[in-house]
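The chain below stands alone and is given in structure tokens; this is the form predicted alone.
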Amino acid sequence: MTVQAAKKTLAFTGCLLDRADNVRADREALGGHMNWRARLLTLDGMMPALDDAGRLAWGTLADAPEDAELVFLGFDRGEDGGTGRACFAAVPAQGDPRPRMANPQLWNLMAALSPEDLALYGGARSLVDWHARHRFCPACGGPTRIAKGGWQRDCLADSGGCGAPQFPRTDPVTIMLVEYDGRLMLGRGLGWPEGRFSALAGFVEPGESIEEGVAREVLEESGVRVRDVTYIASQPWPFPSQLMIGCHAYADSDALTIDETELAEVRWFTRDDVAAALGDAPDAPFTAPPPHAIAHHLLDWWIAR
């Protein structure tokens, strides 16, 4: 796989916290930072709360709900540029009931955040949502408890469980531009608005490389065989915990056989078509993905290349 440099900062990347693995693995050391100086990220369920300046709102550990599990997010920067305060988030009573589709209110709140705050919120959201969904062991069904500062859960062997450790999920997803004769393949998902097109995407399956995942997904959804897979950029996507792996590939033909259980449409677009969509031209042949999505970045990359 060839690697291409990506210059643009993507949404949900660029968190400035020091995750301090050496501290979160040491219960005594971490406990020493759970004091009056520590900060608690303010969340309304899974929604971010903003302060008067439009930044993420923070409280103290005294603001945490009684008996709440606390996840250590990392240390912020001190005034001298060194290690600052320990930052935590409380695990909510339940995870997001619809983690794969953020609601409009959430997108409006996220649009107000700085890139650094958005990255911090995205990481915290994925982590506390995972905890809320994994209070019981998938191996034996026994209760689990938080460990390693929130970057692990352990099945309670002392309560009759199997003692197995569990770790936060990150699910790899390939999202790819497919090119043939100077044109780009884009698809419209089932239930999407008319005219909304994006890059094809799909989860990497067990036993697959990224390149194999790209080739399989494109073949399954469009009937097109691809080659020469190139990595472009990646983006964490906290709905609930994907890692979007942006790629480019060349097609061997432009003949389409669409999987209608996955996609409503698949079409080929010229460079002028893509440029018009990215520029929100009134006569653009399709609506581009929103700027916070890696698909938008991939289209920008293709035009700039």
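Nothing here was measured: the structure is a model prediction, and the numbers come from that model. Numbering starts at 1 and runs along the sequence shown.
Absent from the display: the form predicted together with another copy of the chain. The rest refers to it.
Quick one: which of 250 to 258, 235 to 243, 269 to 277, 53 to 61 gets within 4.5 Å of another copy of the chain in the predicted complex, going by heavy atoms? Selected stretch: 235 to 243.
Can you pick the one in 116, 154, 228, 76 that has a heavy atom within 4.5 Å of another copy of the chain in the predicted complex? When another copy of the chain is considered in the predicted complex, the option within 4.5 Å is 228.
Which residue, 215, 137, 110, 87, is the contact with another copy of the chain in the predicted complex, using a 4.5 Å heavy atom cutoff? None of the others qualify; the residue that does is 137.
So, a 4.5 angstroms cut-off on heavy atom distances: do all three of 19, 127 and 168 pass it with respect to another copy of the chain in the predicted complex? Each of the three qualifies.
Residue contact check: residue 179 to another copy of the chain in the predicted complex, 4.5 Å heavy atom: No, residue 179 stays farther than 4.5 Å from another copy of the chain in the predicted complex.
Is residue 160 one of the residues lying within 4.5 Å of another copy of the chain in the predicted complex, judged by heavy atom distances? Although another copy of the chain is absent here, residue 160 would stay clear of it in the predicted complex, with no heavy atoms inside 4.5 Å.
Would residue 133 show up as a contact with another copy of the chain in the predicted complex if we use heavy atoms at 4.5 Å? Yes, residue 133 is a contact residue.
Answer yes if any heavy atom of residue 292 is within 4.5 Å of a heavy atom of another copy of the chain in the predicted complex; otherwise answer no. Looking in the predicted complex, residue contacts with another copy of the chain do not include residue 292, since no heavy atom lies within 4.5 Å.
Does any residue in 271 to 305 get within 4.5 Å of another copy of the chain in the predicted complex, counting heavy atoms only, and if so which ones? Result: empty, none.
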